[in-house]
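Heads up, the chain below is alone and in the form predicted alone; it's given as structure tokens.
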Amino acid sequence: MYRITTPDFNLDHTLSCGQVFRWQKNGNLWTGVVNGAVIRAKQEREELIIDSILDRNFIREYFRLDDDMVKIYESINRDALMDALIRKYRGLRLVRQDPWECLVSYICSSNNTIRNIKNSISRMCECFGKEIGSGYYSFPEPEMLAVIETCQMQQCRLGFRSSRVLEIASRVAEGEFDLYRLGKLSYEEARLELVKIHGVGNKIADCVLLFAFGKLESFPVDTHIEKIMELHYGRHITGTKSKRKEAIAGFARRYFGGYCGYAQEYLYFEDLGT
């Protein structure tokens, strides 16, 4: 067990804002499985208390404790709404997720609720991951998922998403799709590669680029974000209905700047709680 000083960090906001799916809170203690290891974390004022085999450097990187939040807040704080959200949720940080787990998780999120996403991912890990502790399982590797049948995935209750997960698992396992190469590409180039995957549209691609590859210019637009952006910024956004989500994302990049991905998560968390 060790402690990390964490100014401008709020563990509760960070883990409950909808960006991750394998963390559970009991009292003031959060427990999650990351990188094949269990992490137990709690916060006391500006100290993060960690119980895990993962070292300090990993935890700092995972929770993006190296981000300059003062600079980020200065960049995205463009109006009264964002100013209020920063005050309300100050310390919410994006996390650096594993690209494979993040991609599969967001494929599972398609037309789904957060509760169902969490349950399905939990079942998939129990069925096809490795047990790493009593009741805790690693996220299944693509090589494991590549050799199972669609019918075996029924117990995970993924519905139509099952075939999509198995298809990309096979492509990654066989080296047909180099997922980790995307981190070396520009945002635009990486996005074009991701949307070639069956079941990955612009929103899922943007989530993976933001949460796994740290491309902070990514601004995922789902129904939550579309609603809140139309309400507060609709008069500034032009474009046909069929291209509305892309127009919203484009406006957000221009308006909030290179850290617009942070602005997106603050907006999303606000709508999630309303």
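Note that residue numbering follows the sequence shown and begins at 1. Everything quoted here is computed from the prediction, not taken from an experiment.
Beyond what is shown, the protein has a form predicted in complex with the DNA; the following relates to that form.
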message = Going by heavy atom distances of 4.5 angstroms or less, which of Lys184, Arg115, Arg87, Lys71 would be at the interface with the DNA in the predicted bound form?
response = Arg115
ask   = So which of Ile225, Ile39, Leu65, Ala247 reaches within 4.5 angstroms of the DNA in the predicted bound form, heavy atom to heavy atom?
value = Ile225
task = Consider Arg235 of the chain shown here, and say whether it contacts the DNA in the predicted bound form, taking contact as heavy atoms within 4.5 Å.
result = no
query = How about Asn111: is it within 4.5 Å of the DNA in the predicted bound form, going by heavy atoms?
reply = yes
key: Proximity of Lys130 to the DNA in the predicted bound form, heavy atoms at 4.5 Å   = no
query = Asn202 near the DNA in the predicted bound form, any heavy atom under 4.5 Å?
reply = yes
remark   = For the DNA in the predicted bound form, the stretch among 170 to 178, 151 to 159, 136 to 144, 74 to 82 with residues bearing a heavy atom within 4.5 Å is 151 to 159
inquiry  = Gln19, Tyr106 and Ile197 - do all three of these have some heavy atom no more than 4.5 Å from the DNA in the predicted bound form?
reply    = yes
query = Can you name the residues of 171 to 191 that have a non-hydrogen atom within 4.5 angstroms of the DNA in the predicted bound form?
reply = none
